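Shown here is one chain on its own, the form predicted on its own, set out as structure tokens.
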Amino acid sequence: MLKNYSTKPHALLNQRISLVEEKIDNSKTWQSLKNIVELYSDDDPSGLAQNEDFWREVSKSYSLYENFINLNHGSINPMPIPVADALMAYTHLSNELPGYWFFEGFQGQKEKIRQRLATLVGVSVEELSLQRNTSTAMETVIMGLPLNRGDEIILSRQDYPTLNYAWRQREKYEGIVLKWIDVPMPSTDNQKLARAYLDVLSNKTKVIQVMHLFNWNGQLMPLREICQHLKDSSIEILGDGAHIPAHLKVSVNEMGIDYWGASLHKWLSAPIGTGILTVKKDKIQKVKPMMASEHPDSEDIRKFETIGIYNSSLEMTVHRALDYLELLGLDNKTSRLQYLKNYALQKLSEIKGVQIHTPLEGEFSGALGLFSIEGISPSEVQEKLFKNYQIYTVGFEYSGLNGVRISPNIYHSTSDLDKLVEAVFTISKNK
């Protein structure tokens, strides 16, 4: 066992990591960001959301390719400069003595990261596992839940493809039954959204899988209401929270979600290859790890992290991503993201032939928006925006959701979105 080879921390190595972290803290970009945030610290989030001067200064903490407007942050967020600098610093440090830092040097920091993330999403530290992304987190549960032939799973045709592939694999080889629904979205009727799942319950239903926020159009789902309806039943809720951390406030335990996966390379802007899985403490033992663990029936959430050697510098950098979020303020960030998305969609809605497929109300949507142009395929609109106007978006046709997705970030200006609106107007006019 690796623990038999443990080495006590060395004073020189402790000093080494302290020097690296001090260098990260003292970087010019980090100090400038702290100064600008302090200057506007008394501003209300709703007012600050529209303060272009403030966000112009914040944008200086990003390294951006000015020739393109990136409106696809729903897939992957870029790391701010302080976070990217931290990744490089931890990578260089790790490379000096790789075995030590992986097996011992970073382990204490890993537990601190676990605690900070648990606080962010509202679970116990003993209910949060560090993962590579949402898919690996969710599939750990999908593949690890004990199910029998004939057990029913409720899920939607609009759920993320890799998750549906996993359920279909269990259906093919184990004989579970998948009950498919279509989510009636966009919608501002929580009861209607919840009933889509609850109306198909049966005495064989074991699990309901729900997208916390749909990646296609930003529709926010009433997970709290669904969980509340099922609180006295044995039916379990698996929530796909890919887009939630550092985007919207959440308390997973308070909502009553049994299993919940999320990515950190999206709105937290942590390195690619970082994510989390939360599992209610009393359910950890029964879930089988996807990768073999010494004690697969353990009640320790860490059993889901036995994936062999991996890049531990990525996890260390999550610290700086959390620092960045805490400095900026989640309320400020959420307000800015909502403001920019709504700014774009409202202006797009005024163009003849353009349809909006995302609710504007914050209670029902996040920072992602979906629109379409009558008579032009989404892929064609995406191509024209990218090729002719250097605007990067995502166009798709998937299970009744057809359109072009935009997902602006905090560093965008309203003038960036005006360029999108002008481009869409021209494309629509010349179709």
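Small disclaimer: the values here were computed from a predicted structure and weren't measured. The first residue of the sequence shown is number 1, and the count goes up from there.
Same protein, other form: the form predicted together with a small molecule, not shown, and the subject of what follows.
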TL;DR on 114 to 122, 325 to 333, 209 to 217, 227 to 235: the one with heavy atoms within 4.5 Å of the small molecule in the predicted bound form is 209 to 217
Exercise for review: Kindly confirm or deny that Ser135, Tyr160 and Ser263 each have some heavy atom within 4.5 angstroms of the small molecule in the predicted bound form.
Suggested key: yes
Quiz prompt | Contact test in the predicted bound form: Gly74 vs the small molecule, heavy atoms, 4.5 Å | solution = yes
_Residue contact check: His243 to the small molecule in the predicted bound form, 4.5 Å heavy atom_ = yes
